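The form predicted alone is given below as one chain in structure tokens.
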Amino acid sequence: MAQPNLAIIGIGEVPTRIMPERTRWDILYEVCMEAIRDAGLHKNDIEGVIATSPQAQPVIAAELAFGKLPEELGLKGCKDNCICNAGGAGTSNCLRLAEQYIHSGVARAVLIPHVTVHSDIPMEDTINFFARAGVDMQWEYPFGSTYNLIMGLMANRYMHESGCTPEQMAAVVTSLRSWAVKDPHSLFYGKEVPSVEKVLASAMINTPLHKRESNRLADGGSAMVVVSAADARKMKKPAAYKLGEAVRYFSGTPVLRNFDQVKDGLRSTAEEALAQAGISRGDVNIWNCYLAYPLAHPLMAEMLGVAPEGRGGEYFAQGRMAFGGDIPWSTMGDAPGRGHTGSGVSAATYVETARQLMGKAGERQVKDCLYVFQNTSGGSGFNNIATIWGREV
């Protein structure tokens, strides 16, 4: 793989809330213009728009796919527009396509937006979408598979093999929320961090997944402006530089997924991305993991070599990944801390990575942050995309 040549120079975001009166276009106007202003550019400097596809929202998805955003924003310099969909890995593909736009000369500055408004989707439509998305329609859907069911089964297996206890798994939620309550963009900003006991006292959704270990759907949006690394250096602005990347595909059908292959893929992509960036694990200041559900965080910590194998849950229970701990981890709180905005959670994770490297994270700012590891995965976990981002090239 060629050395990456991309930098995030502008970010925009609205607070994640349950606000059906805030339309999708309200959000898009706000986050896109904020990102362009943050980049120090004029809107007509944007030459490409690559949107992350909104899930379960066919009208806005079609409008974005058929080129309405450049027209609505009056981006008179725009040369091309498209939309990417790979579930939670969609934003990663937007960034990779933007890198190709820049490398080929199609665009020097690319806008990458995302929007989700879950709160005005009829409940029946929401249930039907999440009952079908990410599962096999022949071998899983007829038997009642849903995201909560799939994640519960995965959690059962991990807990059986690792010895992770329910208390340790609940501590993952507590850890993620400890970051989220300090993030003005989180649904849980300023609220109480639930104790392990409170997490375990919540209703059981699917053994061992409790209600507080599941996700709360919400509305939100974000945007990024990206340019080449060379242009970012010339602009002399705080930026987040992409330094390394590696990917693996696992399986689109969860019931057929080889768990050993998944663990090897998580481990290998991290090693390859670190090697491409020319740094070691010890150089990483933040491990920004997008995993949507808490169960995968202890496993990811083990596969990344951050925690010894079989002790990921223990590390979370000790508070090492929580705000104030010695291992900054998912500093916006992932989906359990942010509120779930579909593929927008991975978009928000990239914005958080950039925010930390730009020194704009406020109370959550990790001191002397130079390097961030970030991953995304799509659907019910069909792949893993690992990236390394740095404050400087």
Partner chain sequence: MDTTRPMPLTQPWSKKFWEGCREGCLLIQRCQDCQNNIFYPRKFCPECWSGNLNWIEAGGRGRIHTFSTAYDMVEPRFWEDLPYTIAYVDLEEGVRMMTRIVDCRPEDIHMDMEVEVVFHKLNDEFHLPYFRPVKG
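All figures in this text were calculated on a predicted structure; none of them were measured in a lab. Numbering follows the first chain given and starts at 1.
The form predicted in complex with the partner chain is left out here; the points below concern that form.
Student: Hey, in the predicted bound form, is residue 145 touching the partner chain, heavy atoms inside 4.5 Å?
Tutor: Residue 145: yes, in contact with the partner chain in the predicted bound form.
Student: Is residue 138 close enough to touch the partner chain in the predicted bound form, meaning at least one heavy atom pair within 4.5 Å?
Tutor: So residue 138 counts as contacting the partner chain.
Student: So, residue 276 and the partner chain: in the predicted bound form, are they within 4.5 Å at any heavy atom pair?
Tutor: The answer is no: residue 276 has no heavy atom within 4.5 Å of the partner chain.
Student: Does the 4.5 Å heavy atom contact test between residue 254 and the partner chain in the predicted bound form come out positive?
Tutor: Taking the distances in the predicted bound form, the answer for residue 254 is yes, it comes within 4.5 Å of the partner chain.
Student: Go through 244, 87, 265, 152 and name the one with a heavy atom inside 4.5 Å of the partner chain in the predicted bound form.
Tutor: Exactly one residue meets the criterion: 152.
Student: Consider the chain as shown here, without its partner, and state which of 103, 211, 191, 234 has a heavy atom within 4.5 Å of the partner chain in the predicted bound form.
Tutor: Exactly one listed residue reaches within 4.5 Å, namely 211.
Student: Only one of 105-113, 219-227, 67-75, 199-207 gets a heavy atom within 4.5 Å of the partner chain in the predicted bound form; which is it?
Tutor: After filtering at 4.5 Å, what remains is 199-207.
Student: For a quick check, can you give me the residues of 116-130 that have a heavy atom within 4.5 Å of the partner chain in the predicted bound form?
Tutor: Read in sequence order, the residues that approach the partner chain (within 4.5 Å, in the predicted bound form) are 124, 127, 128.
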